[in-house]
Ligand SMILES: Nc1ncnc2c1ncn2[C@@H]1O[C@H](COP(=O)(O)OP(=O)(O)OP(=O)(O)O)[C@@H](O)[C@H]1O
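There is one chain below, alone, in structure tokens, taken in the form predicted alone.
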């Protein structure tokens, strides 16, 4: 009888990981070393929600991988444990990028339903106002992660809706906006700016010492005893610090090194594993589109792929519309998506003269 290959692999190299999920981006830690001050400030802003009162809207900004999203989700989880009033709603604006989509998510979170197609955003607003006229026991706290994508796609109206929800939507709720753009306040509508930036937490890059503390805590749960060489965590922390204080970079490198050691049947993760995985990551991150592809939905990926196939000559907006057989409404959606991709540094467009007027030609943005 043939042996079980997975049982054989476990017996040969099963001494590395205890629970590798602890190193993944979606893992929710119990504490955030290095973010104690920011945790305290955001908790103070959210405290009224525990009593059923609407807290102020808050803006969290700072470089990628500095704990903004994790901290917001952790505090809302803790708030939900002590209050029946708070209704957390997390939305990534790469995935839900329109006013209609975001407000529809809010309607569903409040227990109502709307048709997915064939209605306008104003009809969703009308439904929310109807919900607001009922006796509300839930207080929505909406987290908009990557909120700068809304501005790039000309969908900033929803920021006004949520930051001034009592007057705009007829029901109280709070907004937590999260962005990597340190200058986003300058791009906001004045009415939104006055509501959102009065409570602004700016996250600085993690220091090497802070990254080392985070990795050490995660490693205790992720790896079996003696599975890490003593220099592995300091090296991963140093790489994360060099990448702009990005904790996700450091954690991903530690995870990749552990998996490499396990594949090789090693009993310990060594510096050599870390360096090899670091070199491999640098080789495979050839373009911005490839580095950020995990953040794109299927439609964005199709747009990127079509522009990439056009090569150095680029692809006009008209050709892109023709490829997708887009009607007027769908063309607007494609323009919004292109604007977001351009804002994210994935594509670049230039104005060109075409029959009937001006249009734009799109290319994959070059690195360097």
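Model, not experiment: these values are computed from the prediction. Positions refer to the first chain, counted from 1.
The following text describes the form predicted together with the ligand, which does not appear among the structures shown.
- Listed stretches are 297-305, 329-337, 24-32, 314-322; the contact stretch with the ligand in the predicted bound form is 24-32, by a heavy atom cutoff of 4.5 Å.
- Contact between residue 55 and the ligand in the predicted bound form is not found at the 4.5 Å heavy atom cutoff.
- In the predicted bound form, at least one heavy atom of residue 206 sits within 4.5 Å of the ligand.
- At the 4.5 Å threshold, heavy atoms of residue 164 stay clear of the ligand in the predicted bound form, well away from it.
- Interface residue remark: residue 158 is not counted as part of the site for the ligand in the predicted bound form, having no heavy atom within 4.5 Å.
- Contact with the ligand in the predicted bound form, judged by any heavy atom within 4.5 Å, is made by just one of 251, 139, 143, 188: 251.
- The contact residue chosen from 180, 278, 195, 98 relative to the ligand in the predicted bound form is 180, the criterion being a non-hydrogen atom within 4.5 angstroms.
- Counting a residue when any of its non-hydrogen atoms is within 4.5 Å of the ligand in the predicted bound form, the hits in 65-87 run 65, 66, 67, 68, 69, 70.
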